[in-house]
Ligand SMILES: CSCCC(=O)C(=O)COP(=O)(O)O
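In structure tokens, the next block holds one chain alone, the form predicted alone.
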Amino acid sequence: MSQQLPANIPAALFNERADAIADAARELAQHGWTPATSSNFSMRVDADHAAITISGRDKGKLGRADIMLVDMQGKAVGTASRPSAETELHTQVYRRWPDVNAVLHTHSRTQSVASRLFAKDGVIKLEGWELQKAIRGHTTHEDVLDLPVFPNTQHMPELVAQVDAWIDGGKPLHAYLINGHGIYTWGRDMAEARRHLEALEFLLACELDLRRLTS
């Protein structure tokens, strides 16, 4: 379906964001992190809008036509296409952090298993791993990087409220897992979001290996 852009959003800007999302999605799909059309990806377009993947599309085959515009309440703008059911989790990040410009959500096997294994604790405490320094604001392996695991629900306002409660409690948040689901992470640009995602995928795999080898 065609995308009608608001007059204040240049087509070139939207197309640039759409191409960046599609490129990242295809590469992440090659890792096996987006099975069965799962996962969703977005980029900020301006203060009031974001570009995001259309629901149900194969993330390994995305093109510009598979990306749509939404407002910061997660509503479609200028198209009859349907955004991901989890769009509100993307727009929440953009509303909370004006310097964030890309949000990535994937469903790798590692992320999904870790989310189940640590769900009862509600958090995965990453400590002692050198690659923690790949996460913005972390400068030493001696830091503790808390990765919360929120209960899964199909009611998005409930998930949004859980994330808001964590942030409003004064706890740093760079990413989170949803139980039996996958991971959300973000960055100031697509490159930083990709770095965070890849680092956390590696760190979660290390935690799972450590648990298996020492149990």
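On a predicted model such as this, the values are computed, not experimentally measured, just so you know. We number the residues from 1 along the sequence you see.
From this point on, the text means the form predicted in complex with the named molecule, which you will not see here.
Of the residues given (P172, P157, G56, G63), G56 alone sits with a heavy atom within 4.5 Å of the named molecule in the predicted bound form.
A residue is said to contact a partner when one of its heavy atoms sits within 4.5 Å of a partner heavy atom; S84 meets this definition for the named molecule in the predicted bound form. In the predicted bound form, the named molecule stays beyond 4.5 Å of every heavy atom belonging to N179. Taking non-hydrogen atoms only, N40 approaches the named molecule to within 4.5 angstroms in the predicted bound form. Picking from 116-124, 100-108, 136-144, 70-78 the stretch near the named molecule in the predicted bound form, with a 4.5 Å limit on heavy atoms, gives 100-108.
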